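For reference, the chain that follows is the form predicted alone, supplied as structure tokens.
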Amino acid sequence: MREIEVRRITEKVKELCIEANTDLGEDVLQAFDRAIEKEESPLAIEILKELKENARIAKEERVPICQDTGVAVIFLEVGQEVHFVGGDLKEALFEGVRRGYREGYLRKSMCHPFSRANTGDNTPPILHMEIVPGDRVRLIVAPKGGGSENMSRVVMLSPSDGMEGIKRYVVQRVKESGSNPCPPTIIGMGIGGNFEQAAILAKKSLLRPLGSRNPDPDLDRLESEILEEINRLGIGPQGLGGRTTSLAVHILMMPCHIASLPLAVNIQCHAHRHKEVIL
């Protein structure tokens, strides 16, 4: 049994909150470069270059990539041989978010649904915890902005809709979203499970590096087909036209009930932020 002090969790969450909001991943920057090479619209090319410049300034000056520093979504994979000591794990995660958003001068966006009173420290975070083999902890912080999250959906399709029905729904969802999620976007899809599991699959699919292939050949092909159709919509970067409406489509899938075909579409903006550490 390996012991981990919860204060280490607090410190790492704090660091990841700041790093995720100021340092855009290399996979995203490379995706911008690939899009610039393929793009035909001069305005779209200029916007993509501006997004790269924005990311450079954010990293060098340690300022947020976007003013919307998001809901703090935390994925925690805990080895079954780990024992947390020195306090409450949940409170340690909350405290990490509080410190990260305070010390990083990040906008606090969490509020009461009706009164809209701000919680003042960007808590509570959204926690997804999974028990895995081993004695290590994988901690992922993925800030998620409101504009793209508002365009996301969960739908219970009919099994008869099949793969073609899934494709139609996703492309239509992106079309209806237009410029609202700040394209170019990344489309996370969760297929199967049930109502809530599909949404978690979709969110988790966004953690896969851009440019990587889906290990399932059928899903890899489906991702490519959906991405091609999306980029034929002509929405383009920031909704101003072009061939680059989305940078990637990522899918996670699991079995579902015989009467259901759950589908979740989690749209991510160009500020595709997530950082992780293994303890």
Partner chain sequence: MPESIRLKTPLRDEDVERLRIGDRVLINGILYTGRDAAHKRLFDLIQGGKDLPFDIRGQIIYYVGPSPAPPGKVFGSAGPTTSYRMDVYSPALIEKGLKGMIGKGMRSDLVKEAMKKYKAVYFAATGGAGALLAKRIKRAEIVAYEDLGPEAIRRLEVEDFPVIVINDIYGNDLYIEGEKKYKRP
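Because the structure is predicted, anything quoted here is derived from the model rather than measured. Positions refer to the first chain, counted from 1.
The protein also exists as the form predicted together with the partner chain; that form is not presented, and the subsequent description refers to it.
Note on contacts: among 197, 123, 180, 172, the single residue with a heavy atom within 4.5 Å of the partner chain in the predicted bound form is 180. Of the listed positions (29, 240, 254, 36), a single one reaches within 4.5 angstroms of the partner chain by any non-hydrogen atom in the predicted bound form, namely 240. Put simply, residue 105 is close to the partner chain in the predicted bound form: some heavy atom of it is within 4.5 Å. The closest heavy atom approach of residue 217 to the partner chain in the predicted bound form falls outside 4.5 Å. Put simply, residue 151 is close to the partner chain in the predicted bound form: some heavy atom of it is within 4.5 Å. The partner chain in the predicted bound form is approached by residue 147, whose closest heavy atom lies within 4.5 angstroms of it.
Heavy atoms within 4.5 Å of the partner chain in the predicted bound form map, among the stretches 134 to 142, 158 to 166, 81 to 89, 106 to 114, onto 106 to 114 alone. Annotation for 41 to 71: interface residues with the partner chain in the predicted bound form are 41, 42, 43, 46, 47, 50, 51, 53, 54, 57, 58, 61, 63, 64, 65, 66, 67 [heavy atom within 4.5 Å].
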